[in-house]
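Shown below, as structure tokens, is a lone chain in the form predicted on its own; questions about how it binds or moves come after it.
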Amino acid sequence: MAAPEATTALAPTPRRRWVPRIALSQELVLFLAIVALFVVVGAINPRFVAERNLQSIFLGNAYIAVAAIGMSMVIISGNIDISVGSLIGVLATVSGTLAVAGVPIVLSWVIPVLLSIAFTTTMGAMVAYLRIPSIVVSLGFLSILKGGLIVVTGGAWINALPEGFHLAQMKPFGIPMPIYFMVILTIAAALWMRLSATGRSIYAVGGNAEAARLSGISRERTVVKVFAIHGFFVGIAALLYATQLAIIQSTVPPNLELTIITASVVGGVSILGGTGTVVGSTLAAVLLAAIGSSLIFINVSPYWLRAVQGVLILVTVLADMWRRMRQARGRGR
């Protein structure tokens, strides 16, 4: 009789399994990395944790975190969109142009979001139904958007924007609007991905499209949906980007797509699809912004940020591959 009792005593309880999983989660690692960065760099240069710099880190990069939410969903589905930076630049220009032309401010906010959804839905349909790899489709659209924007606008600055246009500069209840968007959209997207049927189907399609099909999940409809949702987040990101300064430059922000994809991957989203969370991508976006700012305050060239991004991507991908190999070995036993 003693043997069963001993076995029961040694068996891991749900709580014991839960604690290590939380302790080793990508979200917690990123959060602790952010806290450690602020503590260490703040001790070296107290101006790093000054209110003005904190606002620059969080407010100036909130649109990247919002765009990374949609990008994370796309990558989880097993696809990618490298045209996202160019699309944000085009949509910001459209928003500013409409506002200067006298279009009601609300419409100058809403129209770019609708255009973004229509654009990415078209991209998703090409990926889903024409079976063109998403990297090829988005690469083509990247060139079209970036080249077309320069041809049409010549890189001109849009100024004399009407009063009330600058949504990102508003502070309801003393809290800047970009913080509302970043936090609320991250929480809503995380809950939706976990609790909704469509959210779970995105994980299923990205993890194993054939198994998902046999379970009754349409890969084509799921891919189109995830690209459409991605377009919504890109539209919101473009709106925050367009309204954060007094002027808008009609160009594509340099390396923006790399930063957004890096935030998603470093946040724990597997580049192979099927796993990851949007909470991690938001934390990673904050971490990348904090790293870029910290380099300036410790007198290191900000160009090192690109090298840091590359290292983070490689480390994260290698860790994901190692995790997948361990899981495969475990299933093979």
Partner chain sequence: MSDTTAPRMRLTVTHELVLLIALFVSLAVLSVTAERFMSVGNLLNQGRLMTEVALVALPMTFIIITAGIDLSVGSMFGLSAIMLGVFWHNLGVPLPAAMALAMLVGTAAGFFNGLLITRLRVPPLIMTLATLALYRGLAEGISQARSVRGYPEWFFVLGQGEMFGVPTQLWILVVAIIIFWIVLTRTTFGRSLYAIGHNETAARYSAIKVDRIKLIIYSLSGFMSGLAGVIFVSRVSTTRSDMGTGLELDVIAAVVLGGTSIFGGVGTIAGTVLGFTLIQLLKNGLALTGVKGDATIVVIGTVLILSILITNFLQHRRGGDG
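Since this is a predicted model, take the numbers as computed values, not measurements. Positions refer to the first chain, counted from 1.
The discussion below concerns the form predicted together with its partner chain, not included here.
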Triple contact flag 32, 39 and 241 to its partner chain in the predicted bound form, non-hydrogen atom at 4.5 angstroms
no
Ok, 110, 258, 183, 177: which has a heavy atom sitting within 4.5 Å of its partner chain in the predicted bound form?
258
Please determine whether residue 159 contacts its partner chain in the predicted bound form, using a 4.5 Å cut-off between heavy atoms.
no
Is residue 165 close enough to touch its partner chain in the predicted bound form, meaning at least one heavy atom pair within 4.5 Å?
no
With a cut-off of 4.5 Å between heavy atoms, is residue 307 one of the residues that contacts its partner chain in the predicted bound form?
yes
Is the gap between residue 147 and its partner chain in the predicted bound form 4.5 Å or less for some heavy atom pair?
yes
Region of this chain that lies against its partner chain in the predicted bound form, out of 242 to 250, 96 to 104, 136 to 144, 166 to 174 [heavy atom, 4.5 Å]:
136 to 144
Pick out the residues of 74 to 108 whose heavy atoms come within 4.5 Å of its partner chain in the predicted bound form.
80, 82
